[in-house]
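A single chain, nothing else alongside it, follows as structure tokens in the form predicted on its own.
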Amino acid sequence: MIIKPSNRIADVQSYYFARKLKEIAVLQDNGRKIINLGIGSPDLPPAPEVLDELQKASMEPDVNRYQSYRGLPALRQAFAEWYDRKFQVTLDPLTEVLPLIGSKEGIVHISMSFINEGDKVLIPNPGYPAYATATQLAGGIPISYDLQEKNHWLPDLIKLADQDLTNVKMMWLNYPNMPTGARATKDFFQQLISFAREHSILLCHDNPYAFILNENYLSLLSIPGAKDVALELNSLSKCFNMAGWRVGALLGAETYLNEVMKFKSNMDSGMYKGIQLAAIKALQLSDEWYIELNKTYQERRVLVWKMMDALSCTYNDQAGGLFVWGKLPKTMKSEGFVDRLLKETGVFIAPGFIFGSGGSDYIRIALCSPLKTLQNALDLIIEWKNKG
């Protein structure tokens, strides 16, 4: 390399899973069979009518042209109707819905749009690593706040309010929570809105797991006054098995979305029209889709619970989401345990430490593999444990 990388990238590490997948690929190239239960990438297909719509749309004469940065009006309308139907949230599709090329890009877009050098951002610990990384890329300072099992993985807002919140500009959160599977309540969200208003903090709620093993759908935007202090991200990746399609949306007040649009329009282009039309079809699916999807995940979760039992982990069988979050026995730490499990059994699971220091005693297993694969992993784990 003949030049030095930028300062903004100097302290940013490659995403853990990117590094680990490279390691796993080397093992597989050397003939090792690996069962990957670490990543939440849905293996199930999208609905047949969604696939049919993509195929049909791809034959339209204008489908390959550049598209609007704001997405098709019909897609914005579909997102607004979905939020009205599922969350009882009223959104203006013209001004309060911004389709994204996956919601992960929205994390960076929001950060770049609102964070100045030296601004502080509250980051959940444990939590999705991208929140802290996006903050660093924007020149902000990540300030972690603890999520603890004894508090149902909800932040202690009274404790937070007692801290020095000078220069704190934003707060990231997501419920149903990743990695813990914890759910929030309307009462908590109401307290959160009051906290944000009192301290002039923009809330950024990441909500992609609302429909996975969770019957009480809840949006932060359903709370009166939320649009004044909050944005919400959502995605078709998990609930419609469209992770590789990269379809998400940012929802919130026009004034906030207009600022994000300034950044977005300089960083990417509009989403492929065929995918937008297929996404509309997904957003219009009946409740039967969610019911059948969750039946599959319920069956898989039983086997993952058995893995947790075999590994002597404790877990909450009432948690939702696409993962099971388990606490290791007191003598174990997640990083060394996961590396040893991979080496000795060929089963890869996610170590909790990658989600922050608050996850160092935990592991996470994804529900994104067929029953046969999960059973094979369970058999390998039981055999390994029996060997001592």
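Owing to the predicted nature of the structure, the values given are computational and were not obtained by experimental measurement. Heads up: residue numbers just count along the shown sequence, starting at 1.
One more form of this protein, predicted together with a small molecule, exists but is not displayed; see below.
- In summary, the region of this chain contacting the small molecule in the model of the complex, judged by heavy atoms within 4.5 Å and restricted to 306-314, 68-76, 217-225, 124-132, corresponds to 124-132.
- Listed residues S103, N241, Q136, Q276 were compared with the small molecule in the model of the complex; S103 is the one with a heavy atom within 4.5 Å.
- The small molecule is not drawn, but in the model of the complex it has no heavy atom within 4.5 Å of G181.
- When the small molecule is considered in the model of the complex, D206 lines it closely, a heavy atom lying within 4.5 Å.
- Contact between R246 and the small molecule in the model of the complex is found at the 4.5 Å heavy atom cutoff.
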